[in-house]
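For reference, the chain that follows is the form predicted on its own, supplied as structure tokens.
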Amino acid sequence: MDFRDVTQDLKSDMAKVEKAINENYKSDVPLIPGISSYLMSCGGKRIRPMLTLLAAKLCGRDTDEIVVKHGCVVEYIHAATLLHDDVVDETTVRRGKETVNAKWGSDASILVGDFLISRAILILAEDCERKIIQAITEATKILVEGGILEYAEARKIKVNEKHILDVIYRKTASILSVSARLGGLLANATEQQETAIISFGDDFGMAFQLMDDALDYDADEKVLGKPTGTDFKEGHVTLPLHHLYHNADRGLKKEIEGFIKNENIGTKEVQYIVGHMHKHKSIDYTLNLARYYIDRAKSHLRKADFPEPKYIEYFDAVADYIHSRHTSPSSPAVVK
């Protein structure tokens, strides 16, 4: 089974999620549905709601209205964080299109992000299961803390690998993990099952972001959906740059220190850095760590007994797809 098989098998269920996504941002304030529609139509594989649906199925619950609504919740929270992140980073292109803040301005981007979070909370309140609300609000808190931590340490080249992985866990893995966890909770997963699902989500989320960090330096711009080296230009010290810096000679270190403080880095400087990353195998180092997390993520689901174990293969296929984005030119890289 591969990722295409998963998307084909879930086609009708994901269509229900898409319908819920498009219906729940309705408002009598015209700017809200206008911006929300633009944002939601910009692409993406809906990985987070997909994990919610798959975890529910794994634990024996079909994709009913409540499962669909919770898939909508995690996508709204994710979309809101993209809106806010793009303002903080002054990002102008995402998924091959202008970002909302580039098109409508930062104020509109922030406010519509706030609206999507409020809609997510209202959807959760309709069912009001305490454990589910606690899980999603805790994950959201961790996610926001990750954004603040990343912002506080921007353009600091001497951060350590532990810090980089901590930011990845908070900003990316936390919401991916809770997306899967919600499916298990909705299906009344046992403690053993819930632990296995959370562990899968944590490691899958780590791999997901590490792949993005590698692709930021080593993917075609048309495939990536944004200019190559965006993280570098924005002053984010991700794992490829960290690895390069700590394996560089004194001269290259000085150059990197100068680049990371410069807010006007161009394509020439990015290409120069990417060349050194290949020479020092910094991208390979990142890809190998992502592969490690993927393999460990897959192993967690085999440590529990599930009502519908056939869906473990679906999780395997989604996890393998994340890594294949680097090795398969025919696979679209944008899955955020």
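Just so it is clear, the model here is predicted, and its values are computed rather than measured. Residue numbers run from 1 along the displayed sequence.
Beyond the structure shown, there is the form predicted together with a small molecule, which is absent from this document and is the topic of what follows.
- Partner contact region in the predicted bound form: 206-214, out of 193-201, 240-248, 206-214, 157-165, criterion any non-hydrogen atom within 4.5 Å of the small molecule.
- At the 4.5 Å threshold, heavy atoms of residue 172 reach the small molecule in the predicted bound form.
- Taking non-hydrogen atoms only, residue 132 never approaches the small molecule to within 4.5 angstroms in the predicted bound form.
- Although the partner is absent from this view, residue 153 stays clear of the small molecule in the predicted bound form, with no non-hydrogen atom inside 4.5 angstroms.
- Put simply, residue 147 is close to the small molecule in the predicted bound form: some heavy atom of it is within 4.5 Å.
- The single contact residue among 143, 265, 102, 219, judged by any heavy atom lying within 4.5 Å of the small molecule in the predicted bound form, is 143.
- Screening 84, 97, 119, 253 for any heavy atom within 4.5 Å of the small molecule in the predicted bound form leaves a single hit, 84.
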